[in-house]
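Only one chain is given next, in structure tokens, and it is the form predicted alone.
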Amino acid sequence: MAFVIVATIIVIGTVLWNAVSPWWFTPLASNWGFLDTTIIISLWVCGVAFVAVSGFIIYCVIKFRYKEGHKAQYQPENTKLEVILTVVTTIGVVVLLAPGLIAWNMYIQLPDDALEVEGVGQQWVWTYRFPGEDGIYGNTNGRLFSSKNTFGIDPNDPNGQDDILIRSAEVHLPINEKVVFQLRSKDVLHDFYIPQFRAKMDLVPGQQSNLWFEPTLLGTYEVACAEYCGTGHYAMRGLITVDTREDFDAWLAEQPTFFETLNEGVEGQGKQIAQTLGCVACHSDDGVNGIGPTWKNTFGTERLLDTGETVVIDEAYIKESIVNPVAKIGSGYAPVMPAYATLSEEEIDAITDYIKTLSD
């Protein structure tokens, strides 16, 4: 009887926990309420099956428990029972799968009248691109990636000159307008995920994947990478701000075009370069250490190395750490930082100057 008592407690406890659980969906902020309905249907089907199977097991343990002088009766066939189980199981599987297939079909049917946005993932930062006034993206090529051309846009393609580049991890979108995200990765597998929008899609290197949604609530929402992509995976976060159309247009007008970024200097652009390269995923500017040490209030101080030596954090140390990060590794940190040997001296100077400004 101990098994019956424990099993009954588990079944009742599971049902009650799901009924009163504080862990539930995040508030819906897009048009994809049908995805919530699909999940709830799956929960009900699985829940009913769990209670039914568990109840049958408990019933059998009680009904057919061992009794002196009683023997089990072998029954090789029971056509009626087999038909009932087959029909019930088929109905359950159909109810379980059909809503998901319908939702997926809706999810991949991209609307023609939507705002287009390209989302680019790299370790460990998000960046975005809008087509310019011509409404056409410029061609891209992985061989063209550089610290200056972080989207790999062909500078000889006239369609790319007016492309609008969002080189930070925050992008704005207009409310109550359909948006199509065209996603690509510069390095490894990533996953673009906004819980409140129920929008989630993998980024596969060398391929383009798409998703669409329609924001329905003003506000700012977090973008997370939902696919493990390396040591800085947890820090690969971004923001989506949903604005009115007027505020969105004003924000978009302030963003640089590809042509403008090609012709801008790097002086004073250290923060922008660091954000574009993904440095901020590992090095914070607020004093909190992450995968790498924080940059705040570090210039001019001493750092203990894993060799037991100490080094002064000056311009020479910073520049060497950018170009050859394994030369002097701080104590307590893993040697995971990539080398940025292709940066120009001006870009390295700009990053160094930015780090200096973060110290009192």
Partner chain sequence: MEQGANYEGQPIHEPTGWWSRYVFSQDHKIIALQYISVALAIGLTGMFLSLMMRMQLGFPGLFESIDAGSYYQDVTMHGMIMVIYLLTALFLGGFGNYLIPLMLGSRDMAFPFVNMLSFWVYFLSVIILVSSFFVESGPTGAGWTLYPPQSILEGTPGGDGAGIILMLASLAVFIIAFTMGGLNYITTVLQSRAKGMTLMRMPLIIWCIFLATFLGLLAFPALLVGAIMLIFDRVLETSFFMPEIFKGGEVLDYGGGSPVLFQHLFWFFGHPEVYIIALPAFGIISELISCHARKNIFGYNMMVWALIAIAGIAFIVWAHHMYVAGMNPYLGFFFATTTLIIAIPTAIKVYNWVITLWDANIKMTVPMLYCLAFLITFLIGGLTGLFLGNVAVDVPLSDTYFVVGHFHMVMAVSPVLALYGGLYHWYPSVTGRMLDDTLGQIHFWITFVGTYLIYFPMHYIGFLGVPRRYYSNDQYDFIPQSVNDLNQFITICALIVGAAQFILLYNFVVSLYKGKEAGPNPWGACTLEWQALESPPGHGNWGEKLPVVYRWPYDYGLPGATADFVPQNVPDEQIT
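Given the structure is predicted, the values throughout are model-derived calculations rather than measurements. Numbering follows the first chain given and starts at 1.
Another form exists, predicted in complex with its partner chain; not displayed. Remarks below refer to it.
Asker: Where, among 252 to 260, 138 to 146, 164 to 172, 111 to 119, do residues come within 4.5 Å of its partner chain in the predicted complex by heavy atom distance?
Answerer: Result for this chain: 138 to 146.
Asker: Against its partner chain in the predicted complex, would H283 count as a contact residue? Criterion: heavy atoms within 4.5 Å.
Answerer: Contact with its partner chain, no.
Asker: Taking 4.5 angstroms as the cut-off for heavy atoms, does L304 touch its partner chain in the predicted complex?
Answerer: Heavy-atom contact with its partner chain at 4.5 Å: absent for L304.
Asker: Within a 4.5 Å heavy atom cut-off, is S209 in contact with its partner chain in the predicted complex?
Answerer: Contact check for S209: yes, within 4.5 Å of its partner chain in the predicted complex.
Asker: So in the predicted complex, does any heavy atom of Y193 sit within 4.5 Å of its partner chain?
Answerer: Yes, Y193 is a contact residue.
Asker: Which residues within 43 to 67 place at least one heavy atom within 4.5 Å of its partner chain in the predicted complex?
Answerer: L43, C46, A49, F50, V53, S54, F56, I57, Y59, C60, V61, F64, R65, Y66, K67 sit within 4.5 Å of the partner.
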